[in-house]
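In structure tokens, one chain follows: the form predicted on its own.
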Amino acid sequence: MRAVKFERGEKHTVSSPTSQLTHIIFPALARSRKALDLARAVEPRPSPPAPTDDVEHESTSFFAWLFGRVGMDSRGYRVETLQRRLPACLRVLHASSLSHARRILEETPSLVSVAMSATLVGVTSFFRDAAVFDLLRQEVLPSIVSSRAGMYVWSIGCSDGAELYSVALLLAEIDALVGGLLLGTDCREDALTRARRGCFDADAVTRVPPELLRRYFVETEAGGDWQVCPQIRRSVYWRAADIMRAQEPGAWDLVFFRNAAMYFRPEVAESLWELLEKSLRYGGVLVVGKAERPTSAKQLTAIGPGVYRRIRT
């Protein structure tokens, strides 16, 4: 085992072969025992006929190469969903074709994260979906923190962190920010860089209640932008991770996995729902997109639009 320093300077232990987090705050039985690889676990589809559309074949090859550059496997993703993002990916790279885009990325590897962000769009905002956060504020958070100290929250595909920061603000308001863990993971390094800075423009903070904006944000010297105060930023961890390759250890009280399942092939999404269900404590809550239904998770029951609680069956 080796000690690793995270953003706020505290030391936790990490098992080195798989770089899986094994937070000492979680019981040993709650930790993952091995790294996941859902893309490889899925039964391979029969080989299709040779593609008649050279563009489709080229795009599949391009995404396999692009994902491989960041240690990810594109096979678990819906081909049609990725292909819809091709124009945006080419625009952000100023590329005229996929072969041109690949040359650009080979010559300038720092742009790989930019291309990934254009392909896997991260959409989030402060207090996204008022009904969801009203339910969290009025019922879910108080019921969990009343039973013990600390709250364990995992935001998957956290993007710039606005959603996880929203939870942190609510916990700070009920004096429950200390003693737990708030973790945001994303496969896009540029998104995590923005999350760590915690800096947002005026439009991004319009949904933050004025009293919370005054209490927990600082206007930047240049003016116009707002940065989350150090107290809140220090309470949150950020980590690069691929949900198909690594399941975070522990039993979580609250997990956000919003509008992400649509990117995955149906069989992969079903496996993910089951894994996320098992990652929750009994009584823990999973927040998904309003149109998403974790049908393969048999211990989840809806308590609000896009909000599910794990129950004993």
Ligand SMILES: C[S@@+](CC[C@H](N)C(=O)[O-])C[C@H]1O[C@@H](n2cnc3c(N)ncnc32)[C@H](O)[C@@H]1O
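The structure presented is a predicted model; accordingly, all values stated were derived computationally and were not measured. One-based numbering along the sequence shown.
The next section is about a form of this same protein that is not shown, the form predicted in complex with the named molecule.
Asks: Against the named molecule in the predicted bound form, would residue 122 count as a contact residue? Criterion: heavy atoms within 4.5 Å.
Replies: Although the named molecule is absent here, residue 122 would touch it in the predicted bound form, with heavy atoms inside 4.5 Å.
Asks: Give a yes/no on whether residue 59 approaches the named molecule to within 4.5 Å in the predicted bound form, heavy atoms considered.
Replies: Residue-level check for residue 59: no, no contact with the named molecule.
Asks: Quick check on residue 217: any heavy atom within 4.5 Å of the named molecule in the predicted bound form?
Replies: Looking in the predicted bound form, residue contacts with the named molecule do not include residue 217, since no heavy atom lies within 4.5 Å.
Asks: So in the predicted bound form, is the named molecule close enough to residue 244 to count as touching (4.5 Å, heavy atoms)?
Replies: It does: once the named molecule is placed as it appears in the predicted bound form, residue 244 has a heavy atom within 4.5 Å of it.
Asks: Taking the named molecule in the predicted bound form as the reference, which of 156, 93, 171, 144 has a non-hydrogen atom within 4.5 Å?
Replies: It is 156.
Asks: Heavy atom within 4.5 Å of the named molecule in the predicted bound form: which of 63, 252, 264, 273 fits that? Just give me the one.
Replies: Among 63, 252, 264, 273, a heavy atom within 4.5 Å of the named molecule in the predicted bound form occurs only for 264.
Asks: Candidate spot 72, 128 and 258, all three in 4.5 Å heavy atom range of the named molecule in the predicted bound form?
Replies: Affirmative, all three are within 4.5 Å.
Asks: For the chain seen here without its partner, which of 101-109, 198-206, 219-227, 157-165 has a heavy atom within 4.5 Å of the named molecule in the predicted bound form?
Replies: Result of the contact check: 157-165.
Asks: Can you tell me which bits of 177-198 touch the named molecule in the predicted bound form, meaning any heavy atom within 4.5 Å?
Replies: Going through 177-198 in order - heavy atoms within 4.5 Å of the named molecule in the predicted bound form - the hits are 186, 187, 188.
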